[in-house]
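Below sits a lone chain in structure tokens, taken as the form predicted alone.
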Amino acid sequence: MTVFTRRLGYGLLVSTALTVGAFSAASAQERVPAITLGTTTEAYDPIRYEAAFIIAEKWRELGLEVNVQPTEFSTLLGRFYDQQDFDATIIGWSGRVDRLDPQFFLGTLDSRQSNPGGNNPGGYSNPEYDALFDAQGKEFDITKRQELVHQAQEAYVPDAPVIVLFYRDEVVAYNNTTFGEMNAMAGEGLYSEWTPMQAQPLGDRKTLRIGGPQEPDNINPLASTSVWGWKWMRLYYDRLVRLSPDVEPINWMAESVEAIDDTTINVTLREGLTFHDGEPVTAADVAFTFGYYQTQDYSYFNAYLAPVETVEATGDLTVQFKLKTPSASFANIALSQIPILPKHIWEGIENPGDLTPEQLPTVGSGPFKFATYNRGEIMSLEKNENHFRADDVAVDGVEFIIYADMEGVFTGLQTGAIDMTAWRMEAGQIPLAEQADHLNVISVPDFGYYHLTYNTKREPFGDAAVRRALTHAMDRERMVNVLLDGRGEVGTSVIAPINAFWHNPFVETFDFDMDVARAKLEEAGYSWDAEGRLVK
């Protein structure tokens, strides 16, 4: 474990605290425990890495001992979600298209998702918020649902359990001499599920090569919790519905999706669907998949599966979903996210989360078939010639080249080793890409976000007053202007401003102000000892 501490000089720490006039004889009080601030490594993401030091610098001025702990990305995810072993961590949510509906991002603050592996690892619990979350999920009147979504944001933001640091523009690039029809999606950039299906080769090579600075945490559809895992798996696992490049739900494996009443949905599959091993896709596979996910200890899809009461195959190609309560997002969002698994392979696996890479099935029914995965080097897929959309796919395969960092990715793009970036470029790389004739640069706004999550089950972060004070001590304007070179926006809510219909523009903003931060701590009963350390 590597811990970096860019400590201010001891004298500066003391003098800073004393100049605010807050020192008091506090011999009976105890120092606030040292804080570990988790973040990614500099090689993986220098933005989050530097953001951690910007935050730590100001927290130390408030009299806290802060240790910045950069950690390899997959290890950081495990410590954050599965073990929930953290004080405060900087991490992020990508803006996948399904997350334009507020259900997923609001669900990250639902107290019932705070179990290990759940999407609320900070353990935030607010009964009022949970009630609003439930109510918006059941509301079919779009105007009434919007009002409930706005109220939910108003309910959680003042508690400051999760701080959206910034929304970062997605600036990516591709080689305009090797592939055309490369269209970026809001929140997804170029690395969307549609790019491999729409890209048009311009030369003899028809395999699309993508470069990224991170490989999946794993490619187990019952264990992966990272966007790197799911962006890859969704190319070879199909879904009943897909969201189009314009974020419109379109029937995919489903020939039809029919709402019988508020809690009953009938789905009819296309005829002739097959898995990559040649076995037919039937309604039994669909019913099995949803039931399997419900019974496994896998929290990633809980927000989507929570409304489901039963799923029953009513014919070879017909499935009926019965919901516990009405769900405004189920037909469009949940059906577009759950990958349909082959029952004949997975039904014999009792503990799928424990599968080793060698044991892991990779048979799907999507437009591409799994080919190879050499960890740390390359992943590859082949075109599925038997897929119902095969005639529309011009590439013969997809390769994902894994680099150590974005410098490597950018070099690969410049030299022609890859055709497109899977991840946003760093600020210094963008003007270089813009000057290169063989590269096209695309910038799209992101509705995902980078956030700092406080572990509300640990002190001092169980105290909302501390969280609010420390949030005022985050210079997020500096992060946007310096780290992002202005290509982004200071965060406010888990629903980004670009998602204008659902975003509440009137929530509390926690402007950077160290005087306010100190005043908030004093109001909450904190003071400073003779050495300038925060005590209570």
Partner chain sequence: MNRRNYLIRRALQALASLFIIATLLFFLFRMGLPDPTTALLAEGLSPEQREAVRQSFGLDQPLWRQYVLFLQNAVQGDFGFSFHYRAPVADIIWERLGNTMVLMVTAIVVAYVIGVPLGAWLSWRRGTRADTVGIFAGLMFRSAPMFWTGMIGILVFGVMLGMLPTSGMRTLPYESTGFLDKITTLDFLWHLTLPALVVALYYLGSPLLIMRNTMLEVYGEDFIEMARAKGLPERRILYNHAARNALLPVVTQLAVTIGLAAGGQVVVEVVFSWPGLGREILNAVRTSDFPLAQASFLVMAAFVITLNLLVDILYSTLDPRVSFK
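Bear in mind the structure is a predicted one, so any value in this text is a computation, not a measurement. Numbering follows the first chain given and starts at 1.
As for the form predicted together with its partner chain, it is not shown, yet the points below apply to it.
Against its partner chain in the predicted bound form, the set F104, P216 and R375 is in full contact: each member has a heavy atom within 4.5 Å.
Although the partner is absent here, V308 lies well away from its partner chain in the predicted bound form, with no heavy atom inside 4.5 Å. In the predicted bound form, its partner chain lies farther than 4.5 Å from every heavy atom of R234. In the predicted bound form, its partner chain stays beyond 4.5 Å of every heavy atom belonging to E385. When contacts are judged by a 4.5 Å heavy atom cut-off, P116 counts as touching its partner chain in the predicted bound form. Residue-level contacts in the predicted bound form: of L208, A328, L77, V162, one residue has a heavy atom within 4.5 Å of its partner chain, and it is L77.
Distance criterion of 4.5 Å from any heavy atom to its partner chain in the predicted bound form singles out Y81 from the list F179, F133, F370, Y81. For its partner chain in the predicted bound form, the listed stretch (406-414, 121-129, 333-341, 260-268) containing residues with heavy atoms inside 4.5 Å is 406-414. Contacts to its partner chain in the predicted bound form (heavy atom within 4.5 Å) from stretch 324-357: G353, D354, L355, T356, P357.
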